[in-house]
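Take a look at this one chain, the form predicted on its own, written out in structure tokens.
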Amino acid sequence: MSPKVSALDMPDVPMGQLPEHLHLQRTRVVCKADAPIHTEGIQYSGAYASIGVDNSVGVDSFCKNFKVKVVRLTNNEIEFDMIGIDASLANAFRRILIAEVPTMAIEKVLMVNNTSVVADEVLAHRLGLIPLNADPRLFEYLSENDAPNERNTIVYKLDVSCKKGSPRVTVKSDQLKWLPHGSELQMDSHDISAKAKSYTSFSCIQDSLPEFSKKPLGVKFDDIIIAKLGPGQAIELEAHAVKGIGKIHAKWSPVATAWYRMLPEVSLLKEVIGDVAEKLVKKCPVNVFDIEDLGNAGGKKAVVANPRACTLCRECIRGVNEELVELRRVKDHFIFTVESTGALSPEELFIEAVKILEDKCDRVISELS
């Protein structure tokens, strides 16, 4: 950090360029020991008009500066950087991922027999939270006026019992069996002569459809405990899964977690050497700092080795160290972490979120035009 000088003694800044202190306020959040400063975003296009700086955001400048960099990708989790966007847009992606990307989840449970210690409504709730291995893009929404069919409903059956004199039985998610032909239960009818109807109206068997023939519609994880049965207890039920979004109920949320943080910047204001350097390194719980050997000159010097790992615990700037270290956050650089529940891969979830945001923008434009 440069020493403080009077405004009268500051060098002239060319028109069209921001002074260093204004550039810092515009692009960084500075984290002090007690609270962060410069947290607000400067949105007004004419904020710096007097010095010839255009603060407006155009399509061309956005496309030029916007970047997405994938840092880490596994089967269930992705970490990527979104660069060149505002916090409001980053938060829009987060909210869409949590509440508006659809998945399939068990919505209706037809209880035939349940003598376990788990109440019917609790059991139904537990079943609804089991992630299903079904691509929601292959299904349609089921409205109140629609009949359950092979395009909007998946039917599962659970039939487990524990014989008397036997040890306790653990009921797990792998015992939910997919019924590709639809419901096996018959609806009650007051007309005895009428033909019995099931709870679904499948026109064909689901596994005969090309999109389902090679990928059975089972559960994503086989080892989720549903209940435990004692001797003489049994559970027999039929579960119907439909398409929905997390805004309606959390069981349809496609992510276990979706969050972001601004990119940390850690800078040393002075050269930190000797015992002070070692104390600084030990203070950081996530190993942001490291020791560099000065070689022939002797002694040791603290360096910033891993600034991305900084969690803003502020241990390094408490006490006497506040004059040595400055913590900052980059306002337009967001580190996203998305953990999928399994229905869609994490990279597909982000693509679906982009499509949903695009549809929202199209609707706004059409309403205004």
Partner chain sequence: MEHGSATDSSSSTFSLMDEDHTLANSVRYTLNQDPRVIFCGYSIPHPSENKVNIRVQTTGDPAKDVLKDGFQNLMVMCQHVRSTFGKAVDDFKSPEGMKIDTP
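Note that this is a predicted model, so its numbers are computed, not measured. Numbering follows the first chain given and starts at 1.
From this point on, the text means the form predicted together with its partner chain, which you will not see here.
K.L.:
Check whether Q186 has any heavy atom within 4.5 Å of a heavy atom of its partner chain in the predicted complex, and answer yes or no.
P.N.:
No, Q186 stays farther than 4.5 Å from its partner chain in the predicted complex.
K.L.:
Whether T74 contacts its partner chain in the predicted complex should be assessed with a 4.5 Å heavy atom distance threshold; does it?
P.N.:
Yes, T74 lies within 4.5 Å of its partner chain in the predicted complex.
K.L.:
Does its partner chain get within 4.5 angstroms of any non-hydrogen atom of L24 in the predicted complex?
P.N.:
Although its partner chain is absent here, L24 would stay clear of it in the predicted complex, with no heavy atoms inside 4.5 Å.
K.L.:
Indicate whether its partner chain has at least one heavy atom within 4.5 Å of a heavy atom of L357 in the predicted complex.
P.N.:
Contact check for L357: yes, within 4.5 Å of its partner chain in the predicted complex.
K.L.:
If contact means any heavy atom within 4.5 Å, which of 264 to 272, 224 to 232, 173 to 181, 77 to 85 contacts its partner chain in the predicted complex?
P.N.:
Going by heavy atoms within 4.5 Å, the stretch is 77 to 85.
K.L.:
Would all three of L18, T39 and L324 be in contact with its partner chain in the predicted complex, where contact means some heavy atom lies within 4.5 Å?
P.N.:
Negative, none of the three is within 4.5 Å.
K.L.:
Given that its partner chain is left out here, which of V160, I245, V112, A92 has a heavy atom within 4.5 Å of it in the predicted complex?
P.N.:
By the 4.5 Å heavy-atom cutoff, the listed residue in contact is A92.
K.L.:
Under the 4.5 Å heavy atom criterion, name the residues of 34 to 56 that approach its partner chain in the predicted complex, in sequence order.
P.N.:
Stretch hits, in order: Q43, Y44, S45, N55, S56.
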